[in-house]
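Read the single chain below, which is given as structure tokens and is the form predicted on its own.
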């Protein structure tokens, strides 16, 4: 009876997992399949009635220009927010700070604010700043980058903190006892171990910036629109099959980037449970000669 109950539990878990994966993947499958439909009608046809790359060949150049803007902004935001997140995580985990929990909640605050509200607040702030100081951050991409850093920092802080909280300080103490300076210890011991968290924060920050619409809709200049904003504005007035092609390319490239980053950077270490890391270490009995 116990074996049968355990088997039913596993079967139910697998069914729930399959249903969740299907629910998440279904929109992407529909968009990807409809992008190969040979018709040029202004509607989504799924399953496709044939196979054609006409929608991919019809992608206008403005999407490539907008994609370049999104990538440039995303890279800058990822680097800046990861640097801030690394310093903040080191202070939260290692520092002897008063009100540490309140400070940690403060770094999580941008995630709890709707992006539409964030975009509107930054827009009004930039207007007031321009009227008081004459510095207009809305002329270029600087204002958008600052706002994206604001919303991306919590992801970097969380990713680095998750790894740093499981870091054994004894490794740093051993390095310092051998004569290593504080900077040499951080560069040779601490940073290599927390590297998965740093790279995960870098990746998350880039994704948040690259895929944002609400904040960029308020702050991106008209001649430097990001790719999501460009697609959103075009869909308000007209629908073309090339939009499906662009969306499919973004989805496929994002999936490839996630898989490559997981293999190259070891992002699975960020969420590795404690028993798994302990099991990967040789036991005391086998370690002794």
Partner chain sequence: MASVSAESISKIYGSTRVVDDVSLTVEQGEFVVLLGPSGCGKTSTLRMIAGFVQPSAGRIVIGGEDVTNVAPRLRKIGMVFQNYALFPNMSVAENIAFGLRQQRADRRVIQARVAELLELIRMPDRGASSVSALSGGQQQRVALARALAVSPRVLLMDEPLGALDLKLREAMQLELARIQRALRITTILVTHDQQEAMSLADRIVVMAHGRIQQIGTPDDLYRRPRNRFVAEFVGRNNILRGCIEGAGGEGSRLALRGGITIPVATPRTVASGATVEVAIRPQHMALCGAGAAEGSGVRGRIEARRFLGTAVQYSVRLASDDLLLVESPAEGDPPDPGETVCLTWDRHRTLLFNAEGQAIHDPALPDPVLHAL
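In this text, all values refer to a predicted model and were calculated from it rather than measured experimentally. Residue numbers count along the first chain shown, from 1.
One more form of this protein, predicted in complex with its partner chain, exists but is not displayed; see below.
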* Does at least one non-hydrogen atom of residue 180 fall within 4.5 angstroms of its partner chain in the predicted complex? -> yes
Although the partner isn't part of this model, could you tell me whether residue 135 comes within 4.5 Å of its partner chain in the predicted complex, counting any heavy atom of the residue? no
Inset, instruction - Decide whether residue 193 counts as a contact residue for its partner chain in the predicted complex under a heavy atom distance cut-off of 4.5 Å. - result: yes
* Asked: Looking in the predicted complex, any heavy atom of residue 189 within 4.5 Å of its partner chain?
  -> yes
In the predicted complex, the residue from 71, 130, 79, 174 with a non-hydrogen atom within 4.5 Å of its partner chain is 174
